[in-house]
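Just the one chain here, the form predicted alone, laid out as structure tokens.
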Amino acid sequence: MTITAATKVLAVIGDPVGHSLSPLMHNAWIADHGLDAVYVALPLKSDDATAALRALKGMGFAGLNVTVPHKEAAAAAADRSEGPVANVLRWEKDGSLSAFNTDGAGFLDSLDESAPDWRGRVKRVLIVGAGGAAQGIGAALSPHVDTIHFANRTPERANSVASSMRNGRSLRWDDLERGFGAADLIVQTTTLGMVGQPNPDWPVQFTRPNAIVADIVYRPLETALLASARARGLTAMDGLGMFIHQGARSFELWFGVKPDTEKARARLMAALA
């Protein structure tokens, strides 16, 4: 492709972002639709990420995906935001900045694919973690379930996120066995199990026989948690589905067109292989 001064520039920003498959996915969609745009990965190390994101206003970006650990800063940097955490930013024609969260809707899209009957099966949810992704997923699930428990190594974070939802509860980290045993849906949202990160001995042996286990990590695609869940005959959902669907919703917010998610999965599976 030819890049000119008219080319729209988009990026994923976070720390780290070197592992991200977002450029591969979005640049392929850009090519599919013949758009004059380019998507890059930019690491952001900053003690004031909110100010850093605001400073990008004059740099010509059309939009951003924002990942760990800057999702709260992204919401704060925007002139308007859907909520307290955001993973998508879009600069409007008037120069203002809008923030969105496609994590939750992307997770539900992926859950619909992996377990189409989940709405009839899931009443109790356990979300491991209390970061931006956990908040987005919890908010999306909240209207559909009875209770959502958040377990986090920093209990204050779990308490804070749980209190933001009508049916949110916090669970102590050392109570994970009980949490795994009570949940119909378990969602692992931390970096644990990711390549280069610690791999806990998750208490999968306590899960219910009809439980759904999801891990939003996609490097590796088959985490130890998912392998254990499959060994017990449970429905297991890898992180690639949510990654693709939240990205597709981002793409639609920026360009007004729906990209092909099945084509994206085939491309990403090839890249991961």
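All values reported here derive from a predicted model rather than from experimental measurement. One rule holds for the numbers: they count along the sequence shown, beginning at 1.
The discussion below concerns the form predicted together with a small molecule, not included here.
In the model of the complex, no heavy atom of N101 sits within 4.5 Å of the small molecule. The closest heavy atom approach of N87 to the small molecule in the model of the complex falls outside 4.5 Å. Looking at R157, you'd find a heavy atom of it within 4.5 angstroms of the small molecule in the model of the complex.
Looking at G129, you'd find a heavy atom of it within 4.5 angstroms of the small molecule in the model of the complex. Looking at 91-99, 74-82, 129-137, 164-172, the stretch with residues near the small molecule in the model of the complex, meaning non-hydrogen atoms within 4.5 angstroms, turns out to be 129-137. Checking A52, A62, V68, L240 against the small molecule in the model of the complex, a heavy atom within 4.5 Å turns up for just one residue: V68.
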